[in-house]
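The data below hold one chain only, encoded as structure tokens and taken in the form predicted alone.
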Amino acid sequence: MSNVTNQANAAAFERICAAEPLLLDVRPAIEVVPGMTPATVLTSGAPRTWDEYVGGQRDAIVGGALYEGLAVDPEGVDREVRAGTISIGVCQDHACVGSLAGIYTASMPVFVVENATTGEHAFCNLFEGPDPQRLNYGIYNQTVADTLDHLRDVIGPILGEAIRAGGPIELKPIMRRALNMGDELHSRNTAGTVLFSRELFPRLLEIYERRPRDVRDVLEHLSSSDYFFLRLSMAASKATADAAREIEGSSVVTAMVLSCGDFAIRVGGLGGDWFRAAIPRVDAKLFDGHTDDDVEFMGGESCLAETVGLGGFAQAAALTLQDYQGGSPERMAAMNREMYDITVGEHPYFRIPLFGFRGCPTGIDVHRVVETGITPVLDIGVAGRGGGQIGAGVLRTPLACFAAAAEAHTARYGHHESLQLKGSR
């Protein structure tokens, strides 16, 4: 048994559970995102070459460049990328977390979240709204551009002013209460959005006299967007997971991401290395008029929620998801219980009412995944060929990337017998 790894995993688990994510501000990406430039476009997933980006993810990158005025047409974007004038980066290398294609450009407003316990900062851009045609789902047209303008010129600045005026907003208590109200903080964020809106209302009232129309627009955006809080959950999860990075000896997963071509993970004791595998088939409930043949992967990093014990690791707290992404309460509870077998411990703060307020399974250990053959489950939105959201479902992550990570970990640190912390079964 490797005491070094067990101690490292205990430290990673403790850092994840002790995280205190605070919402500090909303600012244009160019002002706060590390390494962002006027000609940078960030996207989801482990790094790929320009030619490896295909389908909706490539369309979204092109759309982001066009929106920022970096070229006048898709052919121009291609030329500028190949010439090095436009820089394509990945969100994870810039402290960002990307929803689906995950597009960030310089002028886009982003939430600024700090883990007050350890000082990590994380950034997430704003939810575009309930229309299934969105840039992060691979669509760019005039309607999408108008929406992005409105986020940049009205929604972002008003949110930023309200947050700065009232001081940092603690996200962890909102997330805990949302879990108890039927969210799992990935595919269901209805309660989180309502609770966050309640926190924001008094601050918005202070701005209303000066900018009544803009405040009404913000309130309308909040009331029409059940998924508004998802971007805050993602940023909170990113700031939380990053606290467990680069712990010598740790076999705990610190990131899970998708691109158009692969699923990839990072592990705390293995630095910045990515371990990749082909994307498996998603078990999805599709919107009317769509079939499995319409499904297309185009990235996604909202599974940072599962990385820290939320989402699919808390889906038994959100049984109403069966109406949205399929399945049954029994199957959701069974999948959730499986996650205890591949994690280091149970979260002392985030708990699942259906399980007698048992803590969410937290701290994915790559060795446990390999030993049990049980892979993490992710609650995800499903994109379609040609862009747009066409459904939602559950994705079982591929075993191969965990096996590769476990092998690399063993090669570096020696054989490891997993130890669960007190409170885990």
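One-based numbering along the sequence shown. All of these numbers come straight from a predicted model, not from anything done at the bench.
Keep in mind that the form predicted in complex with a further copy of the same chain is not shown, yet the notes after this line are about it.
For the candidate set 222, 339, 174, 158, a heavy atom within 4.5 Å of a further copy of the same chain in the predicted bound form is found for exactly one residue, namely 222. A heavy atom within 4.5 Å of a further copy of the same chain in the predicted bound form is found for one listed residue only; from 118, 133, 147, 190, this is 190. The stretch among 350 to 358, 276 to 284, 93 to 101, 257 to 265 whose residues place heavy atoms within 4.5 Å of a further copy of the same chain in the predicted bound form is 350 to 358.
a further copy of the same chain in the predicted bound form comes within 4.5 Å of a heavy atom belonging to residue 329. Taking the partner from the other structure, a further copy of the same chain in the predicted bound form has a heavy atom within 4.5 Å of a heavy atom of residue 198. Using a 4.5 Å cutoff between non-hydrogen atoms, residue 202 counts as a contact of a further copy of the same chain in the predicted bound form.
Contact check for residue 75: every heavy atom lies farther than 4.5 Å from a further copy of the same chain in the predicted bound form. When contacts are defined as a non-hydrogen atom within 4.5 Å, all of 181, 208 and 319 contact a further copy of the same chain in the predicted bound form.
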